[in-house]
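Before any questions on binding or motion, here is one chain by itself as structure tokens, the form predicted alone.
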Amino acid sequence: MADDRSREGTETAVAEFHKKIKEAFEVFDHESNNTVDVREIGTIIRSLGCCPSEGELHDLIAEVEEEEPTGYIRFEKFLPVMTEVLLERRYRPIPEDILLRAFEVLDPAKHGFLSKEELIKYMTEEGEPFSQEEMEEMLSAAIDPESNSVHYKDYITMMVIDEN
């Protein structure tokens, strides 16, 4: 009895995932032929609440690409792989408390903000550097224009995906 209920729950979840995956895929299927440009796969995956690293994204693309890559991904190959990713809850976003601790490490005086200059320095000189385009995109969302700084608690709240 419990197994039947569990199976029904899984089947319901799979049906919901299939619907979400199809809707996300169709946004980028401009020719309505069940294919999307391989360069759109990251956007589709992220729109489904997943946050893979660039390496993980490349691995996923390799898994759904044709043996002879065409530059396009077929829905029939994408659907089972993405369904498995969602069922296994892979590539979950980083929790809010961990993001906060990361920003606090960069703010030893505990001001609650970083200047634009500090943020640019950290994001371009430390770890895996951001590209100019990534930096501009982040700054446009993160910087408070009045203070020219990032109030990181507000920024984290804006960035975090609500899973409820």
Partner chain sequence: MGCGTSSSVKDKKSETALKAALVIQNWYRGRSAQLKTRQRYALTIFQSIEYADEQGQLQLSNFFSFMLENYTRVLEEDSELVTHLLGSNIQDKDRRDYLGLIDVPDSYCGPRLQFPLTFTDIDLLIEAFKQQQILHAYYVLEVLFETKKLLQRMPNFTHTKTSPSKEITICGDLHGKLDDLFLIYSKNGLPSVSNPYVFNGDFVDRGKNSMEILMILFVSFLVYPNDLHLNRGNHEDFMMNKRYGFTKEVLNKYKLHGKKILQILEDVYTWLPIGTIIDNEILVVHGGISESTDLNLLHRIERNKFKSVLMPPVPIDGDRATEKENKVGTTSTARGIRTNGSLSEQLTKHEWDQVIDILWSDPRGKRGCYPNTSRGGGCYFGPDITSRILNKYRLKMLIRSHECKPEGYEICHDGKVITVFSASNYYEEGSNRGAYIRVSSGTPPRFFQYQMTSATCLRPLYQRVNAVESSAIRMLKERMISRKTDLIRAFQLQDCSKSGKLSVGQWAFSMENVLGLSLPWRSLSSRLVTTDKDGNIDYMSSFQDIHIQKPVKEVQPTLIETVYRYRSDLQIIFNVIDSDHSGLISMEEFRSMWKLFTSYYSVCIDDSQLDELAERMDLNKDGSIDFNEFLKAFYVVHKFDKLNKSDTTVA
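Numbering follows the first chain given and starts at 1. As the structure is a prediction and not an experimental result, all values here were calculated from the model.
Heads up, the form predicted in complex with its partner chain isn't pictured, but that's what we're talking about next.
Peer 1: Counting only heavy atoms and a 4.5 Å cut-off, does its partner chain in the predicted complex sit next to every one of 53, 137 and 158?
Peer 2: Yes, the whole candidate spot contacts its partner chain.
Peer 1: Tell me, yes or no, whether residue 30 is in contact with its partner chain in the predicted complex, where a contact means a heavy atom of each within 4.5 Å.
Peer 2: Because a heavy atom of residue 30 falls inside 4.5 Å of its partner chain in the predicted complex, the answer is yes.
Peer 1: Contact with its partner chain in the predicted complex for residue 141, defined as at least one heavy atom pair within 4.5 Å: yes or no?
Peer 2: It does: once its partner chain is placed as it appears in the predicted complex, residue 141 has a heavy atom within 4.5 Å of it.
Peer 1: Does residue 109 reach its partner chain in the predicted complex, with heavy atoms at most 4.5 Å apart?
Peer 2: Close contact is absent here: in the predicted complex, residue 109 is far from its partner chain, nothing within 4.5 Å, heavy atoms only.
Peer 1: Taking heavy atoms only, is residue 20 within 4.5 angstroms of its partner chain in the predicted complex?
Peer 2: Yes, residue 20 lies within 4.5 Å of its partner chain in the predicted complex.
Peer 1: Which of the residues spanning 123 to 138 lie within 4.5 Å of its partner chain in the predicted complex, based on heavy atoms?
Peer 2: Read in sequence order, the residues that approach its partner chain (within 4.5 Å, in the predicted complex) are 123, 126, 127, 128, 129, 130, 134, 137, 138.
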